[in-house]
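There is one chain below, alone, in structure tokens, taken in the form predicted alone.
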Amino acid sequence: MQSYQLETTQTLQYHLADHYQIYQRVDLQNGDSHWQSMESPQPVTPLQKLPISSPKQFFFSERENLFSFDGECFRETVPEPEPFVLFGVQSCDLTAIAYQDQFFAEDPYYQARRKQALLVGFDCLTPCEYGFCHTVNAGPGVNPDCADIILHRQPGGDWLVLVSSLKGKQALRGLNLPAADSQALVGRDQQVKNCIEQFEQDPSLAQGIDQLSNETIDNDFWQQLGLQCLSCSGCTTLCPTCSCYGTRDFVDDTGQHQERFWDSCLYESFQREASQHNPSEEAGARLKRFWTHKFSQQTVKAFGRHGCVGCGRCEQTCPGVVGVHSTMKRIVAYQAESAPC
């Protein structure tokens, strides 16, 4: 990787703004943040909390038209976005984008947006409130395979710039930055290591994940946990790796159309068949399916990693207290109670 020094991120932002639409994280007064299009880029502040919405919305649209029929011809409505930058994506969300890249590898709608995107990642230097990215190999340092450009805040306030893809190299063309020395790279590794050491130790996470991977949890546990699930879809909506969708047909003045929209495997009707048979009618069965898909060996075999990137958004939003931390603690406690004396 090529590495450079940068005094302020605005130098890079204004350079990229000549060729890309820039989206960056904007902090709100209540401490939350969200992604916003920026006509005039703002300085990037240290991360206090992950944006409540993940960047998956930029590639896997919450609602989009798939094709139209005017009475004579079917026409695909593949989007044609202008080049854009996601500036300041954290390591967990970048890992999730790489995960979605595999899931939607053959999807022309997703890929039309993805090919136009430049990903500028930020190393995290302090743990998020609910985050455990290091436990699932998704941070806190940005994986070079998941970003085009990586920015690392150095102790003195300057930035280390790492170029990790050809697209990133081309994006920096014409911006004359001084090269970074090897000590800057050593310093980055040490800061990321220090961040990992600051994470609160939660042994139930690793134990619960291991038990889910080995599928050793009986159905009684899921039935008990299902009593707490409200099937509100808050966790699946915010989860950066969830990709369930449904489709519907509709007619308007321009003809017939089919659109797809975000769906949730936690909805009672998600697996209901035309015969009205429903293999996951009970909330416990749906929770089992959800968490197994996140941590099963089949998921690791298919995608090369777990389907969870440790962002903790599910814990943050769940009104039924069945987010990842709560669920793993319950799994460990249940298995301990069920173990023979």
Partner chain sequence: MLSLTPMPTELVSYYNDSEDTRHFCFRLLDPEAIKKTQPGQFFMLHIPGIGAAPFTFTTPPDSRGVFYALIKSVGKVTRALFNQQAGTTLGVRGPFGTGWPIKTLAGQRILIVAGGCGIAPLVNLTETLLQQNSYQSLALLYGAGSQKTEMLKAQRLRWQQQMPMYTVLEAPGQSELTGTPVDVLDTVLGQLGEFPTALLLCGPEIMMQKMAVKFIDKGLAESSIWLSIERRMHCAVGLCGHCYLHHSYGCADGPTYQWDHYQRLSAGDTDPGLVIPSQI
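Since this is a predicted model, take the numbers as computed values, not measurements. Numbering follows the first chain given and starts at 1.
There is another form of the same protein, the form predicted together with its partner chain; it is not shown, and what comes next is about it.
Not one of Phe132, Gly156 and Glu337 comes within 4.5 Å of its partner chain in the predicted bound form, counting any heavy atom. Partner contacts here mean any heavy atom within 4.5 Å of its partner chain in the predicted bound form, and among 160 to 168, 239 to 247, 190 to 198, 138 to 146 they occur only in 239 to 247.
Proximity of Arg305 to its partner chain in the predicted bound form: non-hydrogen atoms within 4.5 Å are absent; the residue sits far from the partner. Although the partner is absent here, Arg113 lies well away from its partner chain in the predicted bound form, with no heavy atom inside 4.5 Å. Using a 4.5 angstroms limit between non-hydrogen atoms, Lys301 is distant from its partner chain in the predicted bound form. In the predicted bound form, no heavy atom of Arg313 sits within 4.5 Å of its partner chain. Taking a 4.5 Å heavy atom cutoff to its partner chain in the predicted bound form, the contacting residues in 105 to 137 are Ala105, Glu106, Asp107, Pro108, Tyr109, Gln111.
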